[in-house]
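One chain is shown next in structure tokens, namely the form predicted on its own.
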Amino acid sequence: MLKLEDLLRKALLAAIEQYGVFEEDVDIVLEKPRESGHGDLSTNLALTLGGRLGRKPRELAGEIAAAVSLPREIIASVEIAGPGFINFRIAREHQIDRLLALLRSDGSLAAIKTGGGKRINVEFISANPTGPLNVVSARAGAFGMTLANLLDAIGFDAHAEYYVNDAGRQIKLLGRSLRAHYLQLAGRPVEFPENGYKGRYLEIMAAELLAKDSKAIQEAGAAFDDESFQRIELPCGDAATWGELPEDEAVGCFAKYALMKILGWQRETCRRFGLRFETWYFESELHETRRIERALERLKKQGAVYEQEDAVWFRSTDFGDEKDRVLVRSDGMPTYFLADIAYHYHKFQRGFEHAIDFWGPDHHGYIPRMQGAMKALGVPEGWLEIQILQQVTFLEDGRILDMSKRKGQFVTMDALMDEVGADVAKFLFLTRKPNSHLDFDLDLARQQSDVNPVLKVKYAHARSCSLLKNAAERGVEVGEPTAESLSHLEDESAWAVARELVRLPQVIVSAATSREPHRLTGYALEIATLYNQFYNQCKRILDQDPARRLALLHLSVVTGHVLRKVAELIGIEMPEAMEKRD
């Protein structure tokens, strides 16, 4: 049986062939109408064809609507609205079928699994391991994890990955900074490195190392016991010994310890936020396995590099970049760009059929050179997809906060979770498109009422569970929804909920394919709003006649099921009971 949207598209294509328009000539978009009174699905087909055919859109819409052939048991009516929209009303019997299909293991949520198990690498956060994760990483985490869940939901094999920059100048600077903090606390004169890390977290780390020494080192290493973290070994000796080593050797030991501590923090922060990573990929592996050198050699064979001023350059202008980029500096050191090329090429070599990266807004210019490098290496065009996440502005009392001057308040991801909770943070981060600036209202996030969007959704779920619990306590046998039971739905407020619930598969597919996870939060809020309106309008549900009561209870069963599915994709909890607060 064709999916509803496919059925409508097929019927519309048949209707417009009389105008010499065929499938390859047009993209038929079906969307939910802006006004609920305009039906269940709408298309602007006549508006898009009107100019091409030299016809008035509304007149053309009438002709298409008259020509379209659809089964009455599925589509109850076809109507024209506004300047030329064609609206479809779905028959209630078919809406009931769609409601029930949401609950079946082989139903509508199984039908959207069209990815065929295609392996997709989704890399997000990948913050430098030089300090605790900040609030910018929190937005990347919310989007990256939700997108991976969405891709899994439509049948892909999404693989979440975190890239660890554990090699290069910043790590050495981190080691020098911790060494300086440690020696200063030990009362030994030492010059602090220029542009060194002066964060309070390093002072605390140095103090702990001075007080506990070997025990602190063993505790830091405990975070690396599992397979994904065995890239890093404990530094030899103890901190007191490191302080006596030549500076370069000491820096290496302090750097390794700092790296272990910070990565341990970062992984625990991700766990608290509900993020899972199948792979923590370490840059050091690229150096040890000579993947960087091999990637450079392949680029040379492809004629994509040249030497100038003792440096090696990538011909990135050949791929749309504004200028060529250095791959190997004149001192023989590879650049971060070359390491990134080798890393992404290894993703391709590991068998991923597509790769999605989440980058910050300051990385726009990095896109053409990286995609160009992949193309130069022989990777299919379009294999590497970049999603840009815009900045977040934090508001308090209606004013923008200067995060750089907050002395640590809300700057870290952990502090944000301590303040508002992981669920609230994730939900609010997902209320806007990823490429849109987000104003994060801390006052709203702290609200403990349904003014807070995520709590509004949770209250709706808890209300549906409470209704079912109360029914059971009164001896009402609820059971599983059936076509017979749902046929007794009469209230328009109940049907408004039903029409929104059946959109779940469409919302999941559109959110995944458009890379716009924020569609989930908008959908959940719409369901919560409609369900609350239904609940308030259908007073004393448990006192209705048995048939109507069971229909309303079964609608609540489906509502709870759908809200839990959305929550699972976002990574938030759906409680069965909550205390309602104003």
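Residue numbers here begin at 1 and follow the sequence given. Here, rigid core means the biggest group of C-alpha atoms that superpose within 1.5 Å across both forms. What you see is a predicted model, and the numbers here were worked out from it, not measured in a lab.
Beyond the structure shown, there is the form predicted together with the RNA, which is absent from this document and is the topic of what follows.
Enquirer: Among Asn87, Gln391 and Leu455, does every residue place a heavy atom within 4.5 Å of the RNA in the predicted complex?
Expert: Every listed residue reaches the RNA in the predicted complex, so yes.
Enquirer: Is it the case that Gln302, even though its partner is missing from this view, gets within 4.5 Å of the RNA in the predicted complex, heavy atoms only?
Expert: Answer no; every heavy atom of Gln302 is more than 4.5 Å from the RNA in the predicted complex.
Enquirer: Can you tell me whether Val326 touches the RNA? I mean in the predicted complex, with a 4.5 angstroms heavy atom cut-off.
Expert: Flag for Val326 set to yes.
Enquirer: Please run the contact check for Gln170 against the RNA in the predicted complex: heavy atoms, 4.5 angstroms, yes or no?
Expert: Residue-level check for Gln170: yes, a contact with the RNA.
Enquirer: Given that the partner is absent here, does His437 sit within 4.5 Å of the RNA in the predicted complex, heavy atoms only?
Expert: Taking the distances in the predicted complex, the answer for His437 is yes, it comes within 4.5 Å of the RNA.
Enquirer: Just give me the single entry in Leu550, Val68, Val557, Leu47 that has a non-hydrogen atom within 4.5 angstroms of the RNA in the predicted complex.
Expert: The residue in contact is Leu47.
Enquirer: Would you mind picking the one in Gln371, Thr412, Gln387, Thr431 that has a heavy atom within 4.5 Å of the RNA in the predicted complex?
Expert: Looking at the other structure, the residue within range turns out to be Thr431.
Enquirer: Exactly one stretch in 97-105, 174-182, 326-334, 154-162 has heavy atoms within 4.5 Å of the RNA in the predicted complex; which is it?
Expert: Residues of 326-334 come within 4.5 Å of the partner.
Enquirer: At 4.5 Å, heavy atom to heavy atom, what parts of 462-485 sit next to the RNA in the predicted complex? List them in sequence order, or say none.
Expert: Counting only heavy atoms within 4.5 Å of the RNA in the predicted complex, the contacting residues of 462-485 are Arg463, Ser466, Leu467, Asn470.
Enquirer: Just checking, between this form and the one not shown and with the core aligned, does Gly84 shift 2 Å or more at the CA?
Expert: Result for Gly84: yes, a 2 Å-plus shift.
Enquirer: Kindly check if the Cα atom of Asp27 is displaced 2 angstroms or more between this form and the one not shown relative to the superposed rigid core.
Expert: Indeed, Asp27 is displaced by 2 Å or more.
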